[in-house]
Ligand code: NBP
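A single chain comes next, written as structure tokens; it is the form predicted on its own.
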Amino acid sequence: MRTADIGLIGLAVMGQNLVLNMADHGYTVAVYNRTTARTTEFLDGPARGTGVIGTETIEEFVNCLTRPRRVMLMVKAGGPVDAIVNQLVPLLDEGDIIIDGGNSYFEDSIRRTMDLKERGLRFIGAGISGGEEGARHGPSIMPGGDPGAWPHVKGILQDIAAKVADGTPCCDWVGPDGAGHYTKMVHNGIEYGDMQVIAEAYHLMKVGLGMSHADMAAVFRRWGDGLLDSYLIDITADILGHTDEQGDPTLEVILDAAGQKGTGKWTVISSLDLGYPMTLVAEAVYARVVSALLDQRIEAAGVLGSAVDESGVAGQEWGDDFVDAIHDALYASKIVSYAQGFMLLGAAGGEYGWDLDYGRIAQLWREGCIIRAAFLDDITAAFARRPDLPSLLLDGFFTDALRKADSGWRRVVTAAVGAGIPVPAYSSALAFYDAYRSERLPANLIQAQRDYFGAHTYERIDRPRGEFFHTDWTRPGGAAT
């Protein structure tokens, strides 16, 4: 019987492309799919001549793997992962390794790591980003789980991962149990934010300035050669420049109701659980939710009207340099989004006992993944200067960048509000930026209100933290106790 270096279960597009990627790097891969016809189609099609081993039963699949057996799952998150794991466990031996490469919830990965360890097996939850192209030619891979499994899969995963310019793979051990999938979740949350800040720039240029798609495409191409150099900026330029058979912009026939798969929502929920702000990502998630209320929006537009002038007349008041101001608003909001993302990673590391290397995480995202951008090198440099940096907003590079962008950022938010163009990401990022650098916020009034109606107590500015007081607010001159 032929033997395989690694096995993969789940031959949807991502799974197929990862198998071909592994085969390109000299690994023999066994594959299994619940639907045998899918396996046959793959072997007779994309995998023809690669040496990939097809199997018809899960028993046959397991038996052809070298030890310790390495099994990668590329199946739908949730119940399907547990179902496959339960099928595999009786067939595996102590020390064998299961790798979940799907978009699983990090708490499921924590549970699976513990459960499988009790059965003598090793689990890795590997976040993988890059889509179909990344899976085929080099994704970003964020593995976490049982540290004892890493030496047995490191070579394969780093070989197939994307590489930065100096050859460093965009794959490295993130941390124990759910750390890998948590990092991928935050990546996806930041991705939501990146897409929203780009969409707001497009909306401002199209509706506010009345720019043509060709002109907008040219702007994004120019931006892609500067501070905003990134994959998402590049593909936005391509999208804006694309026309249909009649020469009309393809973008304008796409329904404006955005979908989502849940990782952005998970990021926001986790931020609430940990008490750290992800305000820009939250607004990006809610912007998709609002977009999906298409019928209600159409009715509301008829009833309430719109402040937006579709001809772009507002742009005459904004000035010829307004595009540069939009650039600054996008860049500054992006900085805030990433700062919030790394603050959340820091909070999660403390909560779950993960010793995360934030600069290395930024490099894992440098190539292969959806948020890949030159900007990430600046983040790595910031954490190299100060590994315990509590926020990117406190690093000199980003402090200077925000100061330079400040006036344009405020100009854009002010103009958008005046024109009735929603910019939830830009405005929420600006609000966080202003709040974060405020020595005094009005939360003292909130604490007083809480103490008034619920006797929740408060701390005082003239006493040490941790001492709590209560006032009888209905009795004038009442003393705090």
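Every value quoted in this text rests on a predicted model; they were computed, and no experiment measured them. Note that residue numbering begins at 1 and tracks the sequence as displayed.
Keep in mind that the form predicted in complex with the named molecule is not shown, yet the notes after this line are about it.
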Within 4.5 Å, heavy atoms only, which of 98, 128, 190, 204 is in contact with the named molecule in the predicted bound form? 128
Sole residue of 77, 91, 394, 232 within 4.5 Å of the named molecule in the predicted bound form, by heavy atom: 77
Only one of these stretches, 33-41, 429-437, 445-453, 46-54, has heavy atoms within 4.5 Å of the named molecule in the predicted bound form; which one is it? 33-41
Would residue 12 show up as a contact with the named molecule in the predicted bound form if we use heavy atoms at 4.5 Å? yes
Would you check, heavy atoms only and a 4.5 Å threshold, whether residue 132 touches the named molecule in the predicted bound form? yes
Contact label in the predicted bound form: residue 84 to the named molecule, heavy atom within 4.5 Å: yes
Does any heavy atom of residue 103 come within 4.5 Å of a heavy atom of the named molecule in the predicted bound form? yes
